[in-house]
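First comes one chain, alone, set out as structure tokens in the form predicted alone.
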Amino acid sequence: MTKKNILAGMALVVGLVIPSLAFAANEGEEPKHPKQGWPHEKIIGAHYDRAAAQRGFQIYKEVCHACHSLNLIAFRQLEGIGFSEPEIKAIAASFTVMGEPNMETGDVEERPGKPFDYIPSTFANPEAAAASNNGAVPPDLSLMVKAREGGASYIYSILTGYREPTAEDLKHVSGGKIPDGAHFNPYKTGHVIAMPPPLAEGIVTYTEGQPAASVEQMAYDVSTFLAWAAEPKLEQRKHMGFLIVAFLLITSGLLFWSYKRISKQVLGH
């Protein structure tokens, strides 16, 4: 192979690869999600903002539950964000779940939820969910915070990121335009999202004494709730981890002190 052929081959590779990499960076690169200073992400003293998590559950129930399931959370677990037993019973009873089959007829009847029930989906099956959402099944939110890079900040960014795109924004969108029925969101990969903006001023009403239900506040609250839903035992895990690290440091210090003391007695220095 001649030197001329080699150079031509290298030029062809560069011509094919570089544009592809540029396109991938433009279309598929995961956007950065600004950190919101979540108290549950602290190394020391990590904790969930329970007032925010309770408001977040209200938003999930009144807004998100219409499309998204939360299959891994039982009503009784809501005690973890500060709901009392009577409150949990009332919350569970406000949902309808499928009961046990009738022993005589085999029919399954609906009944009010109970604390031991898991939060039911609005849809009977994935096919029904897809039929109500333009053919797409809305993802379950139980582990969404752990499944997305950025965690709770990803959820917050998406919920607050909807806006009308500028000409500059459209340069980062495949085809240079937003498809019909889709929406621009700079924090979504590809900058296009099918889900309409779920939050709007006044969509929920917080109880007296709570912060104003702005889009930013609601996004913060529901992100906190979903962070808890993804890791209900996070506080205990981080606390235990801190105790283990402290124990290991103290033990290491005692072992080193013992080693120096024994060395001095045996070796004389």
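Owing to the predicted nature of the structure, the values given are computational and were not obtained by experimental measurement. So that there is no doubt, residue numbering starts at 1 and follows the sequence shown.
Heads up, the form predicted together with a small molecule isn't pictured, but that's what we're talking about next.
64 is the sole member of 213, 52, 64, 70 with a non-hydrogen atom within 4.5 Å of the small molecule in the model of the complex. Distance criterion of 4.5 Å from any heavy atom to the small molecule in the model of the complex singles out 196 from the list 101, 196, 175, 179.
In short, of 104 to 112, 144 to 152, 163 to 171, 79 to 87 it is 144 to 152 that has heavy atoms within 4.5 Å of the small molecule in the model of the complex. In the model of the complex, at least one heavy atom of residue 159 sits within 4.5 Å of a heavy atom of the small molecule.
The closest heavy atom approach of residue 138 to the small molecule in the model of the complex falls within 4.5 Å. Taking non-hydrogen atoms only, residue 191 never approaches the small molecule to within 4.5 angstroms in the model of the complex.
Using a 4.5 angstroms limit between non-hydrogen atoms, residue 122 is distant from the small molecule in the model of the complex.
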